[in-house]
Structures are given as structure tokens and as C-alpha cells.
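Only one chain is included here, represented as C-alpha cells and corresponding to the form predicted alone.
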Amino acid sequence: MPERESQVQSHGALEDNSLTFSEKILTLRNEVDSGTGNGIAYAGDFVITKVDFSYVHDVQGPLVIKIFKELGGKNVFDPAKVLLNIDHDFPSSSERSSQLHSGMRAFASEQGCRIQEGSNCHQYVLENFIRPGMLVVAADSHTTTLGSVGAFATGMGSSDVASILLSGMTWLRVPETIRISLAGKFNKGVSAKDVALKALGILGTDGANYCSVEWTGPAISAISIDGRSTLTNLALEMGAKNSVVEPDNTTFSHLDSRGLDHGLIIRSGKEAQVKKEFTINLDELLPMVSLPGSPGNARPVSDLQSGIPVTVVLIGTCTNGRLEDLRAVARVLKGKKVSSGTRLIVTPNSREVYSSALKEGIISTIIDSGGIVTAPGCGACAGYSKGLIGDGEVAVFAGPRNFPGRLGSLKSEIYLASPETAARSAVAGTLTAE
């Protein structure tokens, strides 16, 4: 047992019912005295911590490498704990991207660290490396996704991550906690994406600024790792610093299937002081949509006027390109055709997901319906790759963000929805959950 873990257990922090997940894990990881006199890192305290894993993608990666060298970096802190990932513009769509990718390959070869091309970075590390209790920092805001298996995971800017690659250390302010409890059971056509959009409608895009969002409650046990990853991914859109689901049998099955150990199980204290707490009853939850302009503009699809025409449907990204999402799409599309006035573009978010979807016949179902399947990765999200939309187009997007210009033209409209609602809209040619 690591010395620091032993010290924390000796004063009972891991069993302290008055501490949140973030307070416990950052107490455990703190390399300096918090100043409280008892070694506990409470919300608002600052900690210095070692980082267990860090990664960069092809948007931030080249800048991170540049800053790393400017800081005098010769060797990354631990090549086994660093990943360079090419996913935002894959395969490369321009000479400039190709040059940036070449630089990343050269740096990975020079440093002896991993490089991966094609899979979305968050999905790839979730599939291969992340375990409960890890502290992960990467150069992308949606790193919060990895909290789905009980890790503390957050995104930071290029300078911070360059410093981490050099030292293996970073600093954090312990976040306050918002606890979202889930009760009841999903109705037909409703999924984790609808839960996340409902929470966004409640909190808005800044209601969880620099907070830890804990997803809990009796209904969480019925949500898969794919679904939990959607929740922790979209917590970022509420402003969260990190987001987490406590490990349970679903988590352990995921880890066992991948040959990963169970790590350090940290459970939030039931009596811990939280900034805000509320319950979402799944029995009452309807298919949701976020209106153009902001993920926080969320409301039930049934509240909208009928017949909103849709010119393109995009399904994928780090939010909704997982196997469970593609299975839901295939169930809707089976035996049907995409509307003649609508384009359907589906992007699996990893090579593994793509391979599994091929074996299950999901890819052929999408193609037979008139849809297109692109190479795995980030797809059109953030406007870097194939599938971008033009002036006046209306998109239904099973992804994370619908800010103006997110998928291309500033003069387009983007509605966020679940993969199932998106697929139904592709068939209807209008925005619908029916």
C-alpha cells in the first residue's frame, strides 16, 4: 500500500462520512500540508498532486510540445503515463494538419511514449488505462468523461499540461460538490443523454462552475459505463471541474473485461456538505433537446412545435459515439430509410467501437438506411473534419455542444439530442422523438 494512502487511512479520511469524493481523493493525493492541521483537504483548499496519466490531442498537442521544449523539457516525467492522440482531424484533411501530426509522431518516438491515431482520446484511454482513484489531467475539457469509472479527471490548458509532462505534478483547488441523484426507471426512447440535458436545463452552462458533479442515486446502477460516460462528459457543459460516478459492480465488470485492476475505491460521504443537491426522476423524464445556441437551452422535444425541418443529423463524438449509442441508432433505422432531404453522418468514437459495430451489423444497418459512417474519432465536432454544415442548415447533433459555428457555419442551427432522437429525426426529416 502506498505510504500516502496508508497515512490517509490512518486518520480515517477514506471512511469519513462528512467528506465528498473530491475532498477524499485530493486529501489522499495532496503532497503538501493543507494548513488545516489534520491533513484533510477541504473544498476551497489548494493541493499539489502527482498525476497518474496525461494526454494531448492534435489540436492542443503541438502547442503543448512547443511549450514543453520552451520550458527546457528533455524527457517527459514517465513515458508510460503519457499519450499523444490524433483524433480531431483524422485522417488529416489538410497539409497543415499532416505537418502537425508528423510533429506529434516525432515527439512520441523521441520520448518513447504512446501515440494513437483514430480513436477519440477520452474513449481510448477509458478502454485501456483508467481505473478508480486515478488522477488524470489532459489538454481537453471533456476529460471529465473518465469520472465514469471513479477517477478524478479534468482538463487543463496547454501550459499546465506541458508542465505536467515535464514534472508529473500539478496544483488544484478542491472543488465544491453538486450531487445529482437519479431515481426511477427509463421510459422507452429515453437515455443518459436526456438525463444530462435535463440537468443542463436545471443548472445552465455555468451552474456547476469549478464544481465536482457527483451522479448518484438508486437508478445509477442500471446505467452502463457508456451511459455514465455521457453523464460525466456533459457535466463539463455545466462548468464542472470534474464529474464522477462511484464504482460498483458495473464498474468492476468493465474493469475485469479489460484486464484492469479495481484501483482505489473512493465513496462520497453521505453526510458531506454539498453546494447543491437535486433529484431527477427517470419515470417522469421525456426525450430532451437543447435549442440552438447553448447546451443549457434544454427542454422536452414534445414542447417544441412540430415539423422543424432537419437537413443533417450527426451522431458521434466523445459524447455519443459509443457502442450503446450506435446500437440505439441501429434499432431505430432497421428497415427504414433516411429522409431524402436529410443527411445522416455517424462517427464511431473509437476503433474498438467501430470494429464491434461492424461485427454486430450496425454499420451495414446505417449504410442500408442511407446514412454515412466516417472514420472513428471526433468527426465534425469542433469544425475540424468531415461533415461540416453550411449556411442556413439545421442539424440535430448527438454530441456535446451547439454553440454557433460548432459544426461549421455561424449561420446554421444546431439542436442537441440523444442518439435515438437524432436517428428518429433522420428518418422523419424533422425534429422528433417519435
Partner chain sequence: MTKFTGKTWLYGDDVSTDSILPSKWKTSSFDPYELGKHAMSGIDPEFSSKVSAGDFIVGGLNFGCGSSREQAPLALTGCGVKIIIAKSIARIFFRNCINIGLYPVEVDYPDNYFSQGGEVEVDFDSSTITNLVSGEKIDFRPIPEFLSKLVNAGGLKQFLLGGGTLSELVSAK
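Bear in mind that the values here come from a model prediction, so they are computed numbers and not experimental data. Numbering follows the first chain given and starts at 1.
Note that the form predicted in complex with its partner chain isn't included here; everything after this is about it.
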Answer yes if any heavy atom of Tyr384 is within 4.5 Å of a heavy atom of its partner chain in the predicted bound form; otherwise answer no.
-> yes
With the cut-off set at 4.5 Å between non-hydrogen atoms, does Leu182 touch its partner chain in the predicted bound form?
-> no
Interface membership of Gly390, its partner chain in the predicted bound form, 4.5 Å heavy atom rule = no
4.5 Å heavy atom contact, Arg401 to its partner chain in the predicted bound form | yes
Position in contact with its partner chain when the complex is considered in the predicted bound form, options Leu358, Ala222, Ala106, Met169, heavy atoms within 4.5 Å | Met169
Just give me the single entry in Leu231, Val190, Val125, Ala139 that has a non-hydrogen atom within 4.5 angstroms of its partner chain in the predicted bound form.
-> Ala139
Its partner chain in the predicted bound form: contacting segment from 78-86, 279-287, 236-244, 313-321, heavy atom within 4.5 Å = 236-244
Within 4.5 Å of its partner chain in the predicted bound form, which residues of 271-310 have a heavy atom? Give them in sequence order, or say none.
-> Ser294
